[in-house]
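Next up: just one chain, as C-alpha cells, the form predicted alone.
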C-alpha cells in the first residue's frame, strides 16, 4: 500500500472531507436562502445563481468519486448520439441497483456540463472513441464550450427537510413526492410544469423502479409480474409506469429525448459510499441510449407497455454484460474537467483555515492537560472509526 492510499484510509483525512462537505453545504444553504427576495423580482436570475451554488456542493461528491477514490465511469454510447448530450433537455432513466449509482449519475452530468455551472474558461471536450476488439480509434472533433445547465431528479418528500442536500435540492426545484399517488399527482404535475420555462437545459433523472434493487424486493416484484402476466426481469424490479407517463406528458415540447442508462460494475464489484470515502477505486460502466421523445407513445397504456419493453431490453443488456464484461457499442471518453477538483480544494482550504488558527491557539496556550485531552479524544475516535470500518 502506497503512502497516498494509506492517507486516504486515515480517519483524520476522512473527517476533513465530511467536515468540509457539511459546513460548505450549510453555507450554500444560507446563500440560497438569501436568493429568496430575488425570486419575485427576477426568477430566472435566481435560478441561475442557485444552479451555481448547487454545483459548488454537488461537484464535491464528483471530486470525491473521480479524484479521491480514482473511480472513473466508462461511457458506452453511439457517437451519433453524443453530439446531443449537454445540448438538449432530456429524461434520464437509470437503474437503481447500487449504493453509489447517484454519484455515477452526477459524474455523467458533470462530464457533459449538466451538473449546474458554466465552464468559466472556454475549452473543448475532445471525444476519443475506442472501438471494442480493435486498437484503432478516431476523433469525433471538437465541441463548443458548454453553457450553464442543471440536473433534476425525482426524490422522496422527506429529503426536502434535510439540511445540506435536501435544502439545496429544494432551491434547485427538484421534484419531491410522498409515494402516494393521490397526494402526489397535483404537486408532481405542477413541479414538472414549472420546469417548462427553466432558463437552461436540464436533465431530469427518474429511477422508474422506485427503490433500490434487493433480492427481497426483486422476489416480490416478480410475483407481481407473474400475477399481471408480465415478462420477468432478472436484474431489475418492475418499472412504475404512472410517474414516467406523467413526466413524459408534461415535458413534451420541453424535453427532446429519453436517455436510457444502464449501470454496472466490473468484476461483480459491490461499491459503497464508505468505500469511496476510504479511497477505494471502483470500475463502473454506463451504457447510454438516446431515444427521441416522439417515439414514446402518448397513450398511457401504450406508454406503459413501451416502458416495460424498455426494461426488458435493459435487463438483456445486464445479462449480456454479466457474461461478456462490457456493453454493446464503442467507448466514449470525454475529458475530465478540473472544476470539481478546484472547487473542492477551494472549499477545503477556506474551511480548514479557522481550524488551523484554533490548533495554533491550542498549542500556544501551553496547557498540557488540554493538549493531551485533545490527542486522547482524537485517538479514541480514530480507533472507534477503524473498528467500524473493519
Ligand SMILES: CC/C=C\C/C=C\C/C=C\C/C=C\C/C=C\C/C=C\CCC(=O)SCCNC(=O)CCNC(=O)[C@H](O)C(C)(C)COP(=O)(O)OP(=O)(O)OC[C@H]1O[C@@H](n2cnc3c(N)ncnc32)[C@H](O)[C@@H]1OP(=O)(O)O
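Positions refer to the first chain, counted from 1. As the structure is a prediction and not an experimental result, all values here were calculated from the model.
Keep in mind that the form predicted together with this ligand is not shown, yet the notes after this line are about it.
Candidate site formed by 53, 97 and 198: none of these residues places a non-hydrogen atom within 4.5 angstroms of this ligand in the predicted bound form. Residues with any non-hydrogen atom within 4.5 angstroms of this ligand in the predicted bound form fall in just one of 289-297, 248-256, 88-96, 190-198: 88-96. Within this chain, residue 280 is remote from the site of this ligand in the predicted bound form, having no heavy atom within 4.5 Å. In the predicted bound form, this ligand sits within 4.5 Å of a heavy atom belonging to residue 221.
At a distance threshold of 4.5 angstroms between non-hydrogen atoms, residue 314 is out of contact with this ligand in the predicted bound form. This ligand in the predicted bound form comes within 4.5 Å of a heavy atom belonging to residue 181. The single contact residue among 169, 76, 82, 306, judged by any heavy atom lying within 4.5 Å of this ligand in the predicted bound form, is 169. Of the residues in 248-264, those that come within 4.5 Å of this ligand in the predicted bound form through at least one heavy atom are, in sequence order, 261, 263.
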